[in-house]
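To begin, one chain is listed below as structure tokens, in the form predicted alone.
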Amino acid sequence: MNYKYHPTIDGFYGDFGGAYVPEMLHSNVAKLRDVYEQIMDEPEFKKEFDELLRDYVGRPSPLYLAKKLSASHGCNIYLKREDLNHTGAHKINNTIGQILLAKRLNKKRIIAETGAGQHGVATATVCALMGLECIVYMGAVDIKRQAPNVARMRMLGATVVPAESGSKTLKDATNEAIRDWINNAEDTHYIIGSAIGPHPYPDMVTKFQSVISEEIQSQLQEKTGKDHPDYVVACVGGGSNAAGAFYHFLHDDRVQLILAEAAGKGIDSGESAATSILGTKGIIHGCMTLLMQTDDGQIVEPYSLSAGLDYPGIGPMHAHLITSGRAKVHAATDDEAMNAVISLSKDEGIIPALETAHALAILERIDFNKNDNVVICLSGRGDKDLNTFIDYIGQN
């Protein structure tokens, strides 16, 4: 089989990926890559990782047949319930893996970036578990709109540092985290939360999140007699939940892969984060990918009501999947995503994160057959977005 959707030895997915880092980080990234490649084949590492996912995170997460949602779209829609993980999202899968890696690198200080706050909470959680210092960079705008997660991070012992530059959102938090990493490379490990960044991060985050698609295979086999769905649908900013949900189906042509981006106030409104539609090839945060930029290469500020999708780039694997035609992408507006939150809450008794709601919102654009099995990665729960929900409902 031609594994053309996996990275090359240099970390490229087709034209996208690589490791574009300052000279001061070269040795750090090289050592990280070497240790990562080594431990992924170690039975001891896999055993510790699997045990923590089972006993600490609470995996496997359920695969739930949403009957009312299925009826409304004329197919069988299953929700992969990552919202039921410890900390309330898929992010904990990756932070468990990376904190075990940091221990093997003998790093005593952990930094992270976060937008919606779920990766920050997951990082703070594993740092508390392992007794390591934790610094989380978060855009000042996101600190206000994701206040519950900021409180959780601080309760877990993390220091939350506001990013006050640019749009004061995820892009700017990532910039600050990279500056910190450059200045403290000797004792610091940077836990990147999305399937983006210099190689090996996109591959590493994807592999740690691939437990999602691995479980989907076995759970569907049990429920339907088939080990693959007809569709997998996931929201994408940097794209860690989508990477994990897609991984075991990347080379299975029976499975259609669907990505949902944030159109914000409209793709052509000037206030959007629909990167794959509006973006062009360029370098951001250590990798070549699709990003929103001006003709002279300046980053265009993204916009989305969803803090986790408010990013001007996309993971290099996803850029390759889209440009090669393996995955299709749709963009949902703020209003469409909010309507999807309200619908799932009232119909299924599940309040999804605003990020996940974008995946729910684009279902009506797909022509499903009645026997299709569709899996949606319900990447997180909506507790963190309650203030946003309350404000939106009050204004509408």
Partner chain sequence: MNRIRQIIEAKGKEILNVYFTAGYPTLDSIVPIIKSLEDSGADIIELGMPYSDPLADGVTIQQSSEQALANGLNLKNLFESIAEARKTCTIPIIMMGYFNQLLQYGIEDFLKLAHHNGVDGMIIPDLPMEIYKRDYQALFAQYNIGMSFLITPMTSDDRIHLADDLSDAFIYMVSQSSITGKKGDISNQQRKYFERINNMKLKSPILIGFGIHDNATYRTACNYSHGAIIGSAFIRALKDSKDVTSITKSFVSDIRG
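Only a predicted model underlies this, so the values are computations on that prediction, with no experimental measurement involved. Positions refer to the first chain, counted from 1.
Missing here is the form predicted in complex with the partner chain; even so, the following discussion is about that form.
> Is there a heavy atom of G297 no more than 4.5 Å from a heavy atom of the partner chain in the predicted bound form?
Yes, G297 is a contact residue.
> According to a 4.5 angstroms non-hydrogen atom cut-off, is H26 in contact with the partner chain in the predicted bound form?
Yes - in the predicted bound form, heavy atoms of H26 and the partner chain come within 4.5 Å of each other.
> Any chance D203 has a heavy atom within 4.5 Å of the partner chain in the predicted bound form?
Contact check for D203: no, nothing within 4.5 Å of the partner chain in the predicted bound form.
> Quick check on G282: any heavy atom within 4.5 Å of the partner chain in the predicted bound form?
Yes - in the predicted bound form, heavy atoms of G282 and the partner chain come within 4.5 Å of each other.
> So which of C134, A274, V150, M288 reaches within 4.5 angstroms of the partner chain in the predicted bound form, heavy atom to heavy atom?
Looking at C134, A274, V150, M288 one by one, just M288 meets the 4.5 Å heavy-atom criterion.
> Which residue, H119, K80, K171, H199, has a heavy atom that falls within 4.5 Å of the partner chain in the predicted bound form?
None of the others qualify; the residue that does is K171.
> Counting any heavy atom within 4.5 Å as contact, can you tell me which stretch out of 60-68, 47-55, 354-362, 27-35 lines the partner chain in the predicted bound form?
Of the options, only 27-35 has residues within 4.5 Å of the partner.
> Taking heavy atoms and a 4.5 Å limit, what residues of 165-179 are near the partner chain in the predicted bound form?
Going through 165-179 in order - heavy atoms within 4.5 Å of the partner chain in the predicted bound form - the hits are S165, G166, K171, N175, E176, I178, R179.
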